[in-house]
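One chain follows as structure tokens, the form predicted on its own.
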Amino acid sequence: MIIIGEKINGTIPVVKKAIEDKDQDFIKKLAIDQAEAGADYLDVCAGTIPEIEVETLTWLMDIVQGTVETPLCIDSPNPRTIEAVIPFSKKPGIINSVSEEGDKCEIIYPLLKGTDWQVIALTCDNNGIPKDTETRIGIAVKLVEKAGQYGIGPERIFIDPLVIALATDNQSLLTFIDTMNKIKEIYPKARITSGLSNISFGMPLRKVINQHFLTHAVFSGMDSAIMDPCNRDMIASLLATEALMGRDRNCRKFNDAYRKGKIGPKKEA
């Protein structure tokens, strides 16, 4: 399971304040905490107005790269921002993201040609997020085929079927899993990712909803998640799921995480 740490994001109020105050120590701590918790990549998203997004995102990237070795997941809805900041990355990571909206593919894919960069592909287009499985699959196929024109194979693509909030669509999880399975039939080497918290918008007990979504999605074949690696309950759910699926030999990872105090009740200092 590939974990993309979600906490360095300017749309989160405390991070927004840290960015406004130029609080480098706060950003450094977020990077260290997520890296030590086991994140494979760290998402960095400025979440600011377009006029200062490049400056802010570069600032965040410099801090994170000067603090931890974990590769970045560069996150912006504006492909021109990604184009501007990608030269400042010290090593290949993940671009978040492309879709069939506008000319995103035509801007992003050439940047990745001949490199080891990977990319998250969202199954949406200029009409938004489709409600049905078949339209999402059609978009995924277009995204993968366009990537192939630049030498980017399915193994470098994280496809996000875009789970819709359960509060507005109680078939949300089922549609996500159906879409995921059908995409994997077409592209076995592509990986599936998701922003976990999207499913719980508008619901009480959001953490509980997120935990159960993670469990069901991983069991059904999800390979990655954009999530909080410091959330002990989420990590416990993930490790328990992998153990139950036979992916954790002799339950070593689960037991080791418990002994080290990474899951379960927090131990008194």
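A residue's number is simply how far along the shown sequence it sits, counting from 1. Quantities reported herein were computed from a predicted structural model and do not represent experimental measurements.
The protein also exists as the form predicted in complex with a small molecule; that form is not presented, and the subsequent description refers to it.
Of the candidate stretches 80 to 88, 195 to 203, 125 to 133, 109 to 117, only 195 to 203 has residues whose heavy atoms lie within 4.5 Å of the small molecule in the predicted bound form. For the options Thr48, Ser237, Asn231, Thr70, the residue carrying a heavy atom within 4.5 angstroms of the small molecule in the predicted bound form is Asn231. In the predicted bound form, at least one heavy atom of Lys207 sits within 4.5 Å of a heavy atom of the small molecule.
Residue contact with the small molecule in the predicted bound form: Asn96 places a heavy atom within 4.5 Å of it.
Looking at Val64, you'd find every heavy atom of it more than 4.5 angstroms from the small molecule in the predicted bound form. Contact check for Ile226: a non-hydrogen atom falls within 4.5 Å of the small molecule in the predicted bound form.
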